[in-house]
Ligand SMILES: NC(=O)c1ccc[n+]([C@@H]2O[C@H](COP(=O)([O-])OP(=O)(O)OC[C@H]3O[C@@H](n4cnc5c(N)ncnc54)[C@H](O)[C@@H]3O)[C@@H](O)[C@H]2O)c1
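One chain is shown next in structure tokens, namely the form predicted on its own.
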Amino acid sequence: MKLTPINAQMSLKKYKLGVIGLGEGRSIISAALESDRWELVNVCDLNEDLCKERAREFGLTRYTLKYDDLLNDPEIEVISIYTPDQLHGLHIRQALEAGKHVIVTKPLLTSLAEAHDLLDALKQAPGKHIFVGQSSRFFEPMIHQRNDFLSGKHGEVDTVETYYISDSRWFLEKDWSRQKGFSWMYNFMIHAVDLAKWYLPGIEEVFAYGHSSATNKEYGLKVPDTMRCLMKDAEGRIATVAGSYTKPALRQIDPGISCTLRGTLGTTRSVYSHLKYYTKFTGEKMATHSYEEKEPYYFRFEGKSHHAGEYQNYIEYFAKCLDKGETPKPDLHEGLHTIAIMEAIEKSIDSGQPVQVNDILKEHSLNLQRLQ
């Protein structure tokens, strides 16, 4: 008699998902529908025309204009939040109070002013998780670079260079981009900041410059659209982070998002839009690893405007964490520390001086020990 392995006899649980915010939520809808780990139960947006558009696009049979319909649905286990950044704190708290796990797109928050409210809400929701969807960690070249880092192939890494350079003037046409609270830093450059923090989790000091271009000002925005930052951790390791968003980009040269690690045994660079990973390890020739065959998986919509493959990778990672009872990363603790770094960048731009990240945390009566 042929024996079937135990694992083959077990079907993995499908988690049931609700989505709020159907602009960026377009990618998470595609990700959930294509994944065998998720069942999409319902979607929500205030804009009914957008709801109808998504229903036609994906063959959905349900949508709602009321967030309460997701919160009060006992079938939904996880709520994914893709609303404007300024609303994340409120929507996360409401989901936790309703007994749901949370996936929230970056940024977790636009200010640490809401940090204590989130900490209290999570404390009152034992067993629930907040997972920050820092999607760039889950892009193909970045996955391979991380695996090489964790295996020790780089040796001692003491320099990290990240940037997000793109011509994103199209984003200025979005109404909510011109509302109070919008920030190029929190909407865009946070991807590069997160990658730097991923490899230097103990960043303690930031020095930054920022500039608002004429294009930016035409739309009534004063927040910087060009930023350059230096960061260091307690061991003196250095990260450089750069962002620029309202100028023409060299599309075949500027890779969008990129992360370079320089270590004693090797240097690597992962490149976002080009789906390339470059490596030079001791004893090996420099190599270019291309994942262009996966472009249809990652970029499923016109003009690479959405990158649903990353979202599918991270919701499947989240499902595995739920299977094992593990805390997904970035979690609330890591997300708040990232926001502290972002606030340090803002303060350094305003003051022209280096800023200590722990000083930012102290201003909000937060400390790493408490968050852990």
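Throughout, we count residues from 1 along the sequence that is shown. No experiment lies behind these values; they were computed from the predicted model shown.
The next section is about a form of this same protein that is not shown, the form predicted together with the ligand.
> Might Pro107 be said to contact the ligand in the predicted complex, defining contact as any heavy atom within 4.5 Å?
Pro107: yes, in contact with the ligand in the predicted complex.
> Flag Leu122 as yes or no: does it have a non-hydrogen atom within 4.5 angstroms of any non-hydrogen atom of the ligand in the predicted complex?
Contact with the ligand, no.
> According to a 4.5 angstroms non-hydrogen atom cut-off, is Asn47 in contact with the ligand in the predicted complex?
Yes, Asn47 lies within 4.5 Å of the ligand in the predicted complex.
> Residue-level question: is His191 within 4.5 Å of the ligand in the predicted complex, judged on heavy atoms?
Within the cut-off, so yes.
> Could you check which residue among Arg137, His91, Lys197, His154 gets a heavy atom within 4.5 Å of the ligand in the predicted complex?
Of the listed residues, the single hit is His91.
> Work out which of Gly263, Pro224, Pro255, Gly133 lies within 4.5 Å of the ligand in the predicted complex, going by heavy atoms.
Of the candidates Gly263, Pro224, Pro255, Gly133, Gly133 is the one lying within 4.5 Å of the ligand in the predicted complex.
> Are all three of Ile20, Phe171 and Tyr311 close to the ligand in the predicted complex, meaning a heavy atom of each within 4.5 Å?
Yes, the whole candidate spot contacts the ligand.
> Choose from 263 to 271, 205 to 213, 143 to 151, 83 to 91 the stretch whose residues reach within 4.5 Å of the ligand in the predicted complex, heavy atoms counted.
Residues of 83 to 91 come within 4.5 Å of the partner.
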